[in-house]
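Consider the single chain below, provided in structure tokens and representing the form predicted alone.
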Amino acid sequence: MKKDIYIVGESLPNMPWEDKPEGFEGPVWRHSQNPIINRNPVKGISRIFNSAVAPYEGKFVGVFRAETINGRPHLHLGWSEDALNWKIEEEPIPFFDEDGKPFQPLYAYDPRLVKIEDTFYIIWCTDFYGASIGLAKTTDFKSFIRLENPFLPFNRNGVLFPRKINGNYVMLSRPSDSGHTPFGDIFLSESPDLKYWGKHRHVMSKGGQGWWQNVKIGGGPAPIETSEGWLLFYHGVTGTCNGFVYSMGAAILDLDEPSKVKYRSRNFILTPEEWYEEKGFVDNVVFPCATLYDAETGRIAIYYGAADTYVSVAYTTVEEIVNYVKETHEEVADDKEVGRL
């Protein structure tokens, strides 16, 4: 019998999972063996973090942000039987344009991996005369066609919805300036063909009663379609005397008008507390980039970068996180509006 709150999607019985620890009160709990990817995981790669995973042919594939030993980030493929133990390829993903010519990014980081119909799309932060959004596609993880950059600089945190909405592709993004932007809200844009983007809408504002997201926010994994709306995990940033702190939040967007926020938790759902989140190349970072979920059970595994050094996993269920977001909802600025001024 279908529950009142459920995921619209496919069954994934072999996804990672751990039950909620007895006595734990939060809506999201950590994998007991975090981090799942440590420092220096592969020859020539010093750190892997802020990466994306997806089910593929009964197993799991990942697109990983790999910091090479010269400090420049590139995207590398990884493969896993259980989505916890990963074999990372030593060479970066080779991208070609639609004419078959090499089209390799100068750098690439913070990828998302989204399947729409029969095609997987990789979205990342790239160099387009300043930080902007890169976009590529593949159907077999052997050949990768890099498409035209969707937006002008400066922009980050590009996240495609996993299906078309009202006939168009829809992408979240966070317009910014150069460097470590001290501001930012989440917007969305639409495209009929992944080439021409428009119908831009404001989705969510930074801020709220708490301070954990008072500097900027940005989309995380691809939104999950649920009976209550699009479940969005995102990061929120605050400033302290020792620099930025990145935490994870959750919101629910309207299914047909995703620029409208239906519910948004006033609290973070995960914040740096463990050693691998508090100490690393960049201290105090929890940065969600991917999810795996099973529509049959409602289980969700959230993959997040920790301290710009490690890959970690946390768990929740659709029922628990949706109820938590609704119970702790606060309206921020004009989030409930369509976002067209």
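Keep in mind that this is a model prediction, so the values were computed, not measured. The first residue of the shown sequence is 1; numbering continues from there.
Beyond what is shown, the protein has a form predicted in complex with a further copy of the same chain; the following relates to that form.
Enquirer: When a further copy of the same chain is placed as it is in the predicted bound form, are 51, 95 and 220 each within 4.5 Å of it, taking any non-hydrogen atom of the residue?
Expert: No, none of the three is in contact.
Enquirer: Can you tell me if residue 77 lies within 4.5 angstroms of a further copy of the same chain in the predicted bound form, counting non-hydrogen atoms only?
Expert: Although a further copy of the same chain is absent here, residue 77 would stay clear of it in the predicted bound form, with no heavy atoms inside 4.5 Å.
Enquirer: I'd like to know if residue 128 sits close to a further copy of the same chain in the predicted bound form, meaning any non-hydrogen atom pair within 4.5 angstroms.
Expert: Result yes; residue 128 sits at the interface with a further copy of the same chain in the predicted bound form.
Enquirer: Consider residue 195 of the chain shown here, and say whether it contacts a further copy of the same chain in the predicted bound form, taking contact as heavy atoms within 4.5 Å.
Expert: Within the cut-off, so yes.
Enquirer: Is residue 173 a contact residue for a further copy of the same chain in the predicted bound form, using a 4.5 Å heavy atom cut-off?
Expert: Within the cut-off, so yes.
Enquirer: Taking the partner as it appears in the predicted bound form, which of 246 to 254, 180 to 188, 228 to 236, 109 to 117 has residues with heavy atoms within 4.5 Å of a further copy of the same chain?
Expert: Careful reading of the contacts points to 180 to 188.
Enquirer: So which of 87, 200, 164, 137 reaches within 4.5 angstroms of a further copy of the same chain in the predicted bound form, heavy atom to heavy atom?
Expert: It is 200.
Enquirer: If you look in the predicted bound form, which residues in 317 to 341 sit within 4.5 Å of a further copy of the same chain (heavy atoms)?
Expert: Going through 317 to 341 in order - heavy atoms within 4.5 Å of a further copy of the same chain in the predicted bound form - the hits are 334, 339, 340, 341.
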